[in-house]
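Just one chain is shown here, as structure tokens, and it is the form predicted alone.
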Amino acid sequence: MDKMTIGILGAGKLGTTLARLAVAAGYDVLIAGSGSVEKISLTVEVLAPGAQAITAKEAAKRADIVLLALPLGKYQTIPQVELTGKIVIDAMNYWWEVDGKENTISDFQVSSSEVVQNFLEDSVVVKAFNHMGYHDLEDETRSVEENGRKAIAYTTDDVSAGNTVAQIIDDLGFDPLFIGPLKNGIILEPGSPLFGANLVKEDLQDMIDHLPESDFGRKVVEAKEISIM
């Protein structure tokens, strides 16, 4: 079976890193930035050779799956109609330097991916690729036969979509680790001990198991009444 076409919205450091990994894994990759196609074409040619620069609407329309690597504050610019019925991978995080000092997007009650899912109500959102830094993503990709393969945690309310994204995570060189419904995605966000985690699957699971012992974990469990896996 031919591999799917992945559309990446965001041609910054994370977007171009994931584009390189996806191209290396054999995917067709469409990537869109905030500027014109002409403006980002050279950047994509140099930083993500093999990917095709395109507009966000075209990427959303033509891709089988779309990955969000935009500043979180721009989530309302995501083309909704073109993403109808599609799986959307949310790799976005709140950064005050970019999104402003007042985080009005998410808190302990609502994870940022739930906000994105509410905006993209006709799509299926899966949170993944947000807890590991872009430089680590580049350096840590390994085949399944290699020792020390690192894990990428993901959350979703849709099992089928989760399985599809798990395959992409595996293809890009990481062990997928499902950690429950989309609301659990808050434990992968900035501020959580898990944010920045660059661990093998067993160690990442152990860290998750002990998260309720942390101040952050206690606040999350109390606010969202979730059971951390």
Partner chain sequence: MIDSNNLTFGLDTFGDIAYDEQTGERWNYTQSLRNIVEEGKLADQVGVDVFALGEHHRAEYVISSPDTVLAALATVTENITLGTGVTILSSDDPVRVYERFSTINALSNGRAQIMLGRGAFTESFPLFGYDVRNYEDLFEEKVALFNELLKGEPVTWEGHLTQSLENVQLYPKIEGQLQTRIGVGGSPDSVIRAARYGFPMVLAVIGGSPYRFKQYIDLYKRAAAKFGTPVHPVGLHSPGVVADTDEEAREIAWKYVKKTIDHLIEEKGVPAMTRDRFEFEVTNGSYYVGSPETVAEKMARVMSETGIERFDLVYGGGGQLQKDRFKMIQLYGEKVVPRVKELLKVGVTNG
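A quick note: this is a predicted structure, and the numbers were derived from the prediction, not measured. Numbering follows the first chain given and starts at 1.
Keep in mind that the form predicted together with the partner chain is not shown, yet the notes after this line are about it.
Partner-proximal stretch of 109 to 117, 155 to 163, 79 to 87, 127 to 135 relative to the partner chain in the predicted complex, 4.5 angstroms, heavy atom | Stretch 127 to 135 is the one.
Would residue 13 sit within 4.5 Å of the partner chain in the predicted complex, counting heavy atoms only?
-> Judged by the heavy-atom cut-off of 4.5 Å, residue 13 is in contact with the partner chain in the predicted complex.
Should residue 172 be classed as touching the partner chain in the predicted complex when contacts are defined as heavy atoms within 4.5 Å?
-> Residue-level check for residue 172: no, no contact with the partner chain.
How about residue 196: is it within 4.5 Å of the partner chain in the predicted complex, going by heavy atoms?
-> Yes, residue 196 sits close enough to the partner chain in the predicted complex that at least one of its heavy atoms falls within 4.5 Å.
So, in the predicted complex, is residue 43 in contact with the partner chain at a 4.5 angstroms heavy atom limit?
-> Because a heavy atom of residue 43 falls inside 4.5 Å of the partner chain in the predicted complex, the answer is yes.
Non-hydrogen atom within 4.5 angstroms of the partner chain in the predicted complex for each of 47, 97 and 139 | All three within 4.5 Å in the predicted complex.
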